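This document contains two forms of one protein chain, each encoded as structure tokens and listed individually as structure 1 and structure 2.
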Structure 1
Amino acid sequence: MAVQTQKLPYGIGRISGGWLLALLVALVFTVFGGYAYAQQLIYGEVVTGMRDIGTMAGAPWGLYIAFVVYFEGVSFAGIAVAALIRLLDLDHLKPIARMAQVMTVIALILGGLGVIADVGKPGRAFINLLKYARPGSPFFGTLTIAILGFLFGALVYLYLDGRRDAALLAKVPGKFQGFYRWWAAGYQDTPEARERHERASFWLALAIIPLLVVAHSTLGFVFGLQVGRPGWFGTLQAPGFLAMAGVSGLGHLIVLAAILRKVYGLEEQIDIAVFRWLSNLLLIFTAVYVYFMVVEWLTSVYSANTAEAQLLNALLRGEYAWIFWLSVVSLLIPLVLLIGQFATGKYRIGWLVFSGVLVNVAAIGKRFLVVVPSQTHGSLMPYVIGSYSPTWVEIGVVLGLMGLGALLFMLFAKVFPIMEVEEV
């Protein structure tokens, strides 16, 4: 779509009633989340459902950490798809490259805010991090690599990818012209500049791929290296985190692409070929994760010690059974649908969106089951069985984070093109 002198592409700067309504809903969720977090700051974490293991029979990690892991997973697929598009020159997926990059940046921001919500007193936490941090600890790696380092790389990649478009849009008089000039930073759309841009983007994309693997593996090591906690200690935690990250992120990207396709009338640009690629990638990651899940389950059933058996019973037949089986069904239904579409070669966007929503329901459920039951039911010490139920404060903070994510994406799409702009 060519840049026009009167109107910027992809609805930039144009406000509709539907957009205002969606913005209002997202803003309400964000404000509610801010109010909930204010209650936690005022009264302390006693207003949450989190309690210490053992003597207080609870779980010090709860809904916040479950969603930190979830947001980190969503960020994985976005930048991975964008990097693979650049490295492998996947023309069919180029229309969704920028929305994938923006999704990654926002998800990482939400993950970082989730960590801040969990620590109770953020100021003291950051001071203690600087004073007592151990660089060899997975906790240190989660903050520095999985969140801060990953976020920095994603921001740089988004900035470089958008310079050319910013330079083109800076030629159009309007209220965002100064912003576009700042983003372009003197970029000139010449063959030499394009070559430098492509070369820098290629090497950055090449560096991002191993960073992705290291970041999400480190997040898995936070759980997998805790030898005294049944349900966590195991070699499948790191690859399982990677597989589920691909599942949740690709599912999220499918839903996002379908929404933008409908809202902006991008049926020609975001055609069925885009969804076919995303569907096949989602099929691979879902199949791999289901395999990991079955292997882990069979191992626990046939060779579990007393503590592992107690945890497994809580998942299969106990208080967490409804979340466990809901997550399993939410994985198996999309897997069957994706296999059917791949076998027949007939891809339906509606079914893909349905699959994308279901796998994210499964991702949230599985993240919760990774975090909580091993604290309440998985102990090698003679503690009583614990329990954990999130309060309205925790639920409100999580809803606020989701509202903030939607708010940031909608605002970005109104000031910068969500897809690459064609040459003038």
Structure 2
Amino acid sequence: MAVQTQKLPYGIGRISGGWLLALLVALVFTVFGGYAYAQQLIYGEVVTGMRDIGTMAGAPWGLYIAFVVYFEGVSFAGIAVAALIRLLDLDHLKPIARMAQVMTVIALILGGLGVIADVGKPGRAFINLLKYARPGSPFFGTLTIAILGFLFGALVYLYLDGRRDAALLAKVPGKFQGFYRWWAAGYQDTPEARERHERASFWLALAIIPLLVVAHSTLGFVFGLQVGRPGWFGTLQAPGFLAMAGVSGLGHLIVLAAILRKVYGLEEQIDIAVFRWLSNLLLIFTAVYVYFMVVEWLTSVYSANTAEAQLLNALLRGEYAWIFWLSVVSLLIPLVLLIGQFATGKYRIGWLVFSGVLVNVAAIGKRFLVVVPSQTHGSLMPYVIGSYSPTWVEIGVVLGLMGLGALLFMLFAKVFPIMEVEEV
């Protein structure tokens, strides 16, 4: 979409009734989340369902950590797709690069806020982590690489990638002109400036790919390195986290691209070729994750370890069975649909959006199952079997985070183009 003389592209600055309504809904969720978190701050974590393992027969990591892992996963695909577009010169995917970058930044912010919600004294926890964290601990990696380093890298990538558009938009008089000038920071759309950006973004993309592999593997190590915790300890946690991150993030991106395509009438720019590429990539990640999942079950089924068997029983037939089977079905249905579309070569956006939603249901379920059952049912100590149910406070905070994510995305889309702007 070319920049017109007075009109900014992609509905920037133009407020419609539908947008206001969506914003209001997101705002209600966000305020509700803020209220729920205020209850936790006032009365302490006793208002949550989280309790100690063993003597209190509970789980100190619950819904918050499950969603921290989920948000981190969503962030993976966004920046991975954006970096791959740059590294492999996938020009036809450029229309979704910006929205993928924004999705990554917002998901990382939500992940960071999820960590803050989880710890009882967030200020003290963060200071102590920055002061005392041990390099051997995966928490060191989670904070330094997965959240702070990755977020900083994603912000730099988004900022530099948006400079050219900011410079173009700064030519249009309006209320955001000052903001665009600041973002453009003196950018002149000359061949030299373009070449310089190409070079810088290439090296940035090259640096981000290994960083995100390390970041998501580290998150897997938080669980996978815990020797005394059946269900967690294993070599597949790190690659499994990476694969599931790809599944949830790509699912999100498909849904997001379809919504923006519809809202902004971008049928030409975000054409079926874009969805075909995303669909095939989602197919690969889903197939890899399903393979990891089956390998993990088989290993648990064949192991003579009582604690592993107890945990597996809770998943297959016990109190977590409904989440487990819901997650499995929510993975297998999209897998069949994606294979079908790949085999026939006929891609339908509606089915892809359905698959994108379902894999995210599966991702949330699987994240919950990774985090919680190993604490309530996976102890090697002679403790009684525990239980965990999130309270309205935890559910409220998580809904608030989702509302905040939607709110941030909608606000960004109203002040900056969600797709690269064409020539003036």
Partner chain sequence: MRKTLSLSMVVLGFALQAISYFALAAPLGTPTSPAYADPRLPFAPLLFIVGVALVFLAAVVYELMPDKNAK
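Under this definition, the rigid core comprises the largest set of C-alpha atoms superposing within 1.5 Å between the forms. Reference numbering: structure 1, starting with residue 1. For clarity, every value in this text was computed on a predicted model and none was experimentally measured.
In this comparison, the chain shown as structure 1 is the form predicted alone.
Core-superposed comparison between structures 1 and 2: CA of residue 175 displaced by less than 2 Å.
Taking the rigid core as fixed, one finds a CA shift for residue 343 smaller than 2 Å between structures 1 and 2. Aligning the rigid core between structures 1 and 2 leaves the CA of residue 132 offset by 2.4 Å.
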